[in-house]
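This document contains two forms of one protein chain, each encoded as structure tokens and listed individually as structure 1 and structure 2.
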Structure 1
């Protein structure tokens, strides 16, 4: 049936819950676009025949046109939803995405992510005075300014604002300012210990 390939792309995204990014389906997208091209060419041929007096083709032309519009909406919804998910990943993981997520992105999506993170960084530097304002910190309001964390892998020395350096070694526990270690928690270097 007309339009099933494009709808399949949207169904796959709908099935990926929890903000996960499924692999980019270039072949499915290509097939949907090829189907649209074929529908358009058949419509063009039938329109020229309908102009010569074959009015029985008008309903078929309208049906194909509706299929074209449906495919267009599905493809745009697929691409837009993927961009929204990628934008949310920037806020969740920071400016460096894990390789498992980048593997599921197309080259154009990687380029869009790069431009988005540069634009966000430029904006954050422009607000908040001399040092800028990091909008990615404290996505959820903190209950306390310091938290206890456990180091999941060797990271090396980590400097706090007061000049104190802390050596982050695997399985070591520390009591650190939340805002200094929140990015490391998102990157998987530290783990928040809930008491």
Structure 2
């Protein structure tokens, strides 16, 4: 049925909750576009007939046109939502994405991501004086410089600013500078202990 495929793409994206990025459906997208082309061609053919006097075809043409618009909307929504998710990933994981996520992106998306990265970096350099300002830090206003964290899985050695290393082992607890932990917390290696 017309419109099924494009809606399927949106539905899949909606099913992946929590900002997860599902694999890019190149094949699904291609099929949806194919369907649009077919609709368009049949409309073209019918329009020329309608011009020659068959007014009963006009309703059919209108219906097909609605389908076309709907498919277009679905596909745009799919692509746009994925871009939003990819943008959020930049804030979550930093400038280098884990391989598993990169694998889920299309070539164009990778390209867009690197451009977004660049413009964000340029902006961050331009604000906050000489060294720039890392906007991805302290997304929530911090209450203290150091926080208590607990390690949720074996991570290995982790170097902090002053050159010392900490061994992050499951169930060990640490009191560390907040700005170093924030990313590991977002990645689920550490857990912030709130009392």
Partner chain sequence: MFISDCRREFYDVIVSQRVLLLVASDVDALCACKILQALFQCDHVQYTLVPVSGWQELETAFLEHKDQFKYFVLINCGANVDLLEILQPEEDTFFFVCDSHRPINVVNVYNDTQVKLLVKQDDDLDVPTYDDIFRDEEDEEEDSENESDGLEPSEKRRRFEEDVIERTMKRRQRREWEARRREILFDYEQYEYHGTSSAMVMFDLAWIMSKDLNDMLWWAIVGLTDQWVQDKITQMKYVTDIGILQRHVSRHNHRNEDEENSLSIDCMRIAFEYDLRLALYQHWSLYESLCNTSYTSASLKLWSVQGQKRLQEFLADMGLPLRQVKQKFNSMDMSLKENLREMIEESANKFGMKDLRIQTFSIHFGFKNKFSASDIVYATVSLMENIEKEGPETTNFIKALDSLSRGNLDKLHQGLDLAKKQLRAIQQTVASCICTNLVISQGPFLYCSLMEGTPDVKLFSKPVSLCLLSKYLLKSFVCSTKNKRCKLLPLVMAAPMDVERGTVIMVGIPPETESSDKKNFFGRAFEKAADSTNSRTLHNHFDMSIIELKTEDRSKFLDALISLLS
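Numbering follows the first chain given and starts at 1. What you see is a predicted model; the values in this text were computed from it and never measured. C-alpha atoms forming the largest set that superposes within 1.5 Å between two forms make up the rigid core.
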Checklist entry - Which structure would you label as the form predicted on its own, 1 or 2? => result 1
Item to check | Threshold 2 Å Cα movement between the two structures at residue 70, rigid core reference | outcome: no
Item to check | Rigid core superposition, residue 126 Cα moves 2 angstroms or more between the two structures | outcome: no
Next on the checklist: So, superposing on the core, is the move of residue 189 at the CA at least 2 angstroms between the two structures?
Outcome noted: yes
Next on the checklist: Looking at residue 162, what is the CA displacement between the two structures after core superposition, in angstrom?
Outcome noted: 6.8
Item to check | Per-residue Cα shift, residue 176, between the two structures [Å; core superposed] | outcome: 3.5
